[in-house]
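Below, in structure tokens: the form predicted alone, a single chain.
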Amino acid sequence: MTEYVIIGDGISGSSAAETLREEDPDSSITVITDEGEALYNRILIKEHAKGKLPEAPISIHDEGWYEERDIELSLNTHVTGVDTDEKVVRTHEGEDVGYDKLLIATGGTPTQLPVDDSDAEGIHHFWTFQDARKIRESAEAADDGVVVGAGLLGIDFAAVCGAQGVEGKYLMRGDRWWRYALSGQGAEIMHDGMREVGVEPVFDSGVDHFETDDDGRVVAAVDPNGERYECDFAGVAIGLTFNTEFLGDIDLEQDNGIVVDEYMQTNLEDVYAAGDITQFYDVLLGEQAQNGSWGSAKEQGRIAGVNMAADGEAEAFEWVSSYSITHFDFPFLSFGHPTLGDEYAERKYSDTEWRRIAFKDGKVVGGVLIGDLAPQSKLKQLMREQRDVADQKEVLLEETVDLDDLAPPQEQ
């Protein structure tokens, strides 16, 4: 009987466990997590923090789900080491859990700002269900807020401020939100959305240090220009630090994440990785890539499960990810790798409609849609087909995209 061990019960770890049970019904499956509750929807915790959603719909699996599938779930369990020669996982309780095949799906932990008093009470990071509960409670009682981190996670804090009636200042280091993926024109639509919910973007700013009161609670953020912003609530989202410290000095290839091939296999035999933590080989891009989206993590978990259980041919991970934001009166969606293009095409259609497409080596590799999300399926199709279309940008910027208007591949 094959023994599978999965470290991490996020969507990738849970998806792998479910797949392994389907692919190998007689196996032993153990899932180890340091969290105190089983899988929940990380996408919905932001709605809970905004005060828009109770707790019940956020939970995806209860402990009974694992029991029904004969999967052993170890909650509140910290992995302290992995011995890939002996094939054991060591826990904080001194237990050795043996494995035949191991999946590392531990994700990351929000990075703390490297400034004074960044761990003060009232300063929050957004990752776990427990974080969301604390953010909701803190925001409900707050008057003034500061948000740091001009990316896809930081904007969730801006939305929490807006929904909870907190007067917010969004401190950004550059001249616009998500400057690696949006031009000034597209970003300004997002800035207007923030202002409409009561959050003011502040550019060429950031945080030099926080100020606290005698009880250790945050009272203000001071930016590098010396500007002081009073706050009794602060949200920080400047990226993830990957949870790999427990791996110690084992000979696992890492490069800002765990390096895996398109089959989710690491450089070590019988050791796989999936989810946010991976630097995976993207078969559409033709190079290593990273992606933190829920759908991508779920599919990576499934692929890892299939390949861990496979005797013969492996299945490759091929996926066009997308990430949506629904905090404002208009929708927002990014897909693929919108920051990795070597050329771009964009157009503004109205005050709340904008499109930008990223190309690399002539092919679509990603993009951002604001307001009108209808073209996403066709643009993703082009990305999957890896068609050379960069010389036909006008067709892709038409308000309604019709792929029949593109020159057939053989005529290009």
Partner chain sequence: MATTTSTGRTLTLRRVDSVAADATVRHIDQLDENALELFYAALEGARPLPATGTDLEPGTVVVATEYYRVEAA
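Positions refer to the first chain, counted from 1. These numbers were taken from a predicted model, which means no experiment stands behind them.
This protein has a second form, the form predicted in complex with the partner chain, left out of what is shown; the following refers to that one.
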| property | result |
| --- | --- |
| Interface segment, criterion being heavy atoms within 4.5 Å of the partner chain in the predicted complex, picked from 177-185, 207-215, 118-126, 321-329 | 321-329 |
| The partner chain contact at F203 in the predicted complex, heavy atom, 4.5 Å | no |
| In the predicted complex, G362 touching the partner chain (heavy atom, 4.5 Å) | no |
| 4.5 Å heavy atom contact, L252 to the partner chain in the predicted complex | no |
| In the predicted complex, E47 touching the partner chain (heavy atom, 4.5 Å) | yes |
| Residue among A38, I29, L53, A345 with a heavy atom within 4.5 Å of the partner chain in the predicted complex | L53 |
| The unique member of L333, V219, L285, V271 whose heavy atoms fall within 4.5 Å of the partner chain in the predicted complex | L333 |
| Any residue of 263-301 that, in the predicted complex, places a heavy atom within 4.5 Å of the partner chain | W294 |
